[in-house]
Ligand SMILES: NC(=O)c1ccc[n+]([C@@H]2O[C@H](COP(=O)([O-])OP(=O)(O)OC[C@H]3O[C@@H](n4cnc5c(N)ncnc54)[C@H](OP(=O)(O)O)[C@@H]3O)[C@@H](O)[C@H]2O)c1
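Here we start with a single chain on its own, the form predicted alone, put down as structure tokens.
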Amino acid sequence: MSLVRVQNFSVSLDGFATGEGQTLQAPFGHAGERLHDWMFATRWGRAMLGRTGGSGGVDDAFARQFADGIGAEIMGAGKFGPPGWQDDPEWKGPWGSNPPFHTPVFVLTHRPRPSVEREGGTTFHFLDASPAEALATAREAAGGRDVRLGGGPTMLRDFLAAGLVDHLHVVVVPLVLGRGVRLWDGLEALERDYDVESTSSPGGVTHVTFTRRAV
């Protein structure tokens, strides 16, 4: 069976995956882009922005795993747009005409709308569903390939609490946000179900991977 994966998910030292005060101009609130500077400094990240250069090494190797073997993505409403996007029938996400997913993407929202097809193979579908129901739908669309959980942190907590995540890659960034939305709340002893490894990077971040233990 295909795996359920989280890739390149950044958190601060105090566990926040997004800051407070999210808007269209500041999708990560007061955190800005600081949680993701490590990724966009890599060769892979700069290529995603249409630029050349960037660093290789550990950070680049982890960043490149984002798309390998992925057949569909599930994301929360907060990743698809800032608060209130459901009230704008013309909103199609913040990624422009050619989003970086290139697969079916299932957006979890209590206010579904018709699917939105974009360039490059990305089609956004909107579901009001439980984690298990959404995963069943995404797995069917993925055609045997893996399903990526794209966040945000509230949605990831729900999938982790339901025991649906096979591989979790968290990047701990050396900054303290103090406020926002935390990833780990309510997930006490999560590590018992996983083999946990950490890899430090010369760039200052730590890559922590959780791989589900075989039953």
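Keep in mind that this is a model prediction, so the values were computed, not measured. When you see a residue number, it is the position in the sequence shown, counting from 1.
Beyond what is shown, the protein has a form predicted together with this ligand; the following relates to that form.
No member of the trio Ala61, His102 and Ser201 reaches this ligand in the model of the complex with any non-hydrogen atom inside 4.5 Å. In the model of the complex, at least one heavy atom of Gly78 sits within 4.5 Å of a heavy atom of this ligand. Although the partner is absent here, Thr154 is a contact residue: one of its heavy atoms lies within 4.5 angstroms of this ligand in the model of the complex. Put simply, Val181 is close to this ligand in the model of the complex: some heavy atom of it is within 4.5 Å.
Residue contact check for Phe28: one or more of its heavy atoms lie within 4.5 Å of this ligand in the model of the complex. Residues Asn8, Phe9, Ser10, Ala17, Thr18, Gln22 of 8-23 are found to place at least one heavy atom within 4.5 Å of this ligand in the model of the complex.
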